[in-house]
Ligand code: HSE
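What follows is one chain in structure tokens, specifically the form predicted on its own.
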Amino acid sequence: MLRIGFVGWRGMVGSVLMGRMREEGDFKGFEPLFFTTSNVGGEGPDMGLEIPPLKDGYDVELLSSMDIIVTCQGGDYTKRISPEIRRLGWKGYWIDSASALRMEDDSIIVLDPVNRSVIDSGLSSDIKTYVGGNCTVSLMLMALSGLLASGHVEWISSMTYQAASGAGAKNMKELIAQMDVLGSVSKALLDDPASTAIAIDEVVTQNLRSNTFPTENFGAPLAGSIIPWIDSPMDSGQTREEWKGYAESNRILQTRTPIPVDGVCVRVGAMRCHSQGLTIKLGTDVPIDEVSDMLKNGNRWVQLVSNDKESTLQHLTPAAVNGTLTVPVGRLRKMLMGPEYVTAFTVGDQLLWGAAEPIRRILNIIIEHLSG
């Protein structure tokens, strides 16, 4: 029986992964071992089966006895442990949600509804490292998979609106703490029917600029504001998050001629789910109804939303998508720049298709591969 080790299962992505695996009944046909970097010997998660005490996440000998290791522990853990167990001669499969190994020559970024043929080729070629992609890139590719497969896309500009959860659990809590401050300082004015919106704005702005406003994690106010900078700077003038749009999209798709993908990545005050406004340059004037058909037939999770206010408000928001596998695409139309230009807006839960779900699915694909 296959032995599969899980590391980092208590964090935000890991807990979503565990939840999805329980929902889908994935814990069968293999022996799971749960590892920890902080609570060795503790009680494992409730998976509906007997789980032994937690193992040491730094025990490379025990890790090397696993057929598959699934880690959501983060890049520092990956950089330390992955090369160490490979040096010991480990030939197993390493599945990772962190970015550390994404661009390595012997790894494949996984998003099977989009690049299953790339994954199958990797398995046939005995590639042993499979990594989840950047959350925003994965959601964009899920939304556009049908159009990308058509070969009509010349370039994409993706302007992102990324939720607090993309920065981590502490950042989610800080956003709520910021909202709480703004709600508290404006409550008296809100309760006063005679107060003006300008008076409320003055109080809110004063607190946003206060040295006591909680910004330890974001470095700036997000509630009542936005942050047009995500990740570290690159020599190109991009942030690393913006650089990933081009680098990871083309690596996932294994494009023969790279598709330029660029834009500005912005943090917004949503708790969960990333949104993206897309400008797409097509190689030819493809009728909009054909573009619509390509998009909605890209994969079974895409939902094409009619370009009207009622449908948009009902389906095309983080509030509507949170916790679901649906990837809606709407606001679809030709642009004034010319008939080859299309605009669209898409939303997706970055903790699901942007993180946990590709990991869950590649695990099942590898299990099936080994069983076959």
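Please read all numbers here as calculations on a predicted model, not as lab measurements. All residue numbers refer to positions in the sequence shown, first residue = 1.
The discussion below concerns the form predicted together with this ligand, not included here.
This chain appears without its partner; in the predicted complex, the one residue of 271, 189, 159, 230 with a heavy atom within 4.5 Å of this ligand is 230.
Interface residue among 95, 141, 135, 147, judged by heavy atoms within 4.5 Å of this ligand in the predicted complex: 135. From the list 281-289, 67-75, 196-204, 165-173, the contact stretch for this ligand in the predicted complex under a 4.5 Å heavy atom rule is 165-173.
The candidate site formed by 112, 121 and 251 is entirely out of contact with this ligand in the predicted complex, as no residue has a non-hydrogen atom within 4.5 angstroms of it.
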